[in-house]
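Okay, here we've got a single chain as structure tokens, the form predicted on its own, with questions on binding and movement later.
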Amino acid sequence: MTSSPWTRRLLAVIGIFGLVFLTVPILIVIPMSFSSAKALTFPPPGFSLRWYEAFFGDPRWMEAMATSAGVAVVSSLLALVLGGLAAYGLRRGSFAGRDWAEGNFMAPLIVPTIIVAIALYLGLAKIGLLGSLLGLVVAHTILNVPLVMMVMGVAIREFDPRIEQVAWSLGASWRTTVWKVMLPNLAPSVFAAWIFAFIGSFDEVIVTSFIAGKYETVPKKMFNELVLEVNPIITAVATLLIGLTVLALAAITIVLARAGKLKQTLA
């Protein structure tokens, strides 16, 4: 069934409107981060790096940045391992309740974040990890496993299982097959899954506010600063986070594009 020209035009207009709606706040925040004004003013009266200097010169912000980066690295790697294994088992396995298990793994993406935060708060409190750095890593890992599963599930489904069977028939163990056969072929998807998990952890604020205790990540500190006052430093932090996200997505795009060209060449 083909759509009419008016339908296509309407969809194009809606798409453009949505893109503009999402882009305008970014186009406002970034110039304000380079403002020479003492308060949030748009358009900026002049150019200055004062808010970036204030950010990098504040040990509290640097501590929050280190906490965010450390938690994001550890939790994303754990999520990559656990999510990858879960995706492999669900894609290659054939057992009763597989659909239920997959739905259970995806629950953190479906259930409202505030509900997940309360559940993690109660669960971590029972095992004595509430307010600890380990508890924060565990919570971020749980949140990011579904993201890894989504990416790796698609990649594993497209990977020809006959290649694994050939490796097994030649005497390779499952671990050897995964390490030397699957991972080299799935490397672009593994990288993309890890980036998504890293960004998901680095940007998390709701669950972190519930369970982090004395530990402050960059999003949590931004939220706390906004509660107390509208600090112009936040515009610089927001711009840096936007830049980090854009660079990460660009890296994913380049890696996946090169992987697609390589497959076409080999085919």
Partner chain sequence: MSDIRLEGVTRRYGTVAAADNVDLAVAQGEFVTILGPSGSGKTTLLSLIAGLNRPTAGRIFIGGRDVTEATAQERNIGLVFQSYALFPHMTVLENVLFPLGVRKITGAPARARALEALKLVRLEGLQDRRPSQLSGGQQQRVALARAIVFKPDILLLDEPLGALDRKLREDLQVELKQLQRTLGVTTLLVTHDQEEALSLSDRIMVLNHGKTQQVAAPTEAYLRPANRFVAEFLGIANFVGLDGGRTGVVRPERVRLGPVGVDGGRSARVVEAVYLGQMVRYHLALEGGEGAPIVAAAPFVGKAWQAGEPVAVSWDAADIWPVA
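Residue numbers count along the first chain shown, from 1. Computed from a predicted structure; not experimentally measured.
Although not depicted, the form predicted together with the partner chain is the subject of the following passage.
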In the predicted complex, do 163, 170 and 185 all reach within 4.5 Å of the partner chain through at least one heavy atom apiece? yes
Only one of these stretches, 77-85, 133-141, 175-183, 95-103, has heavy atoms within 4.5 Å of the partner chain in the predicted complex; which one is it? 175-183
Using a 4.5 Å heavy atom cutoff, which residues in 235-258 contact the partner chain in the predicted complex? It's fine if the answer is none. none
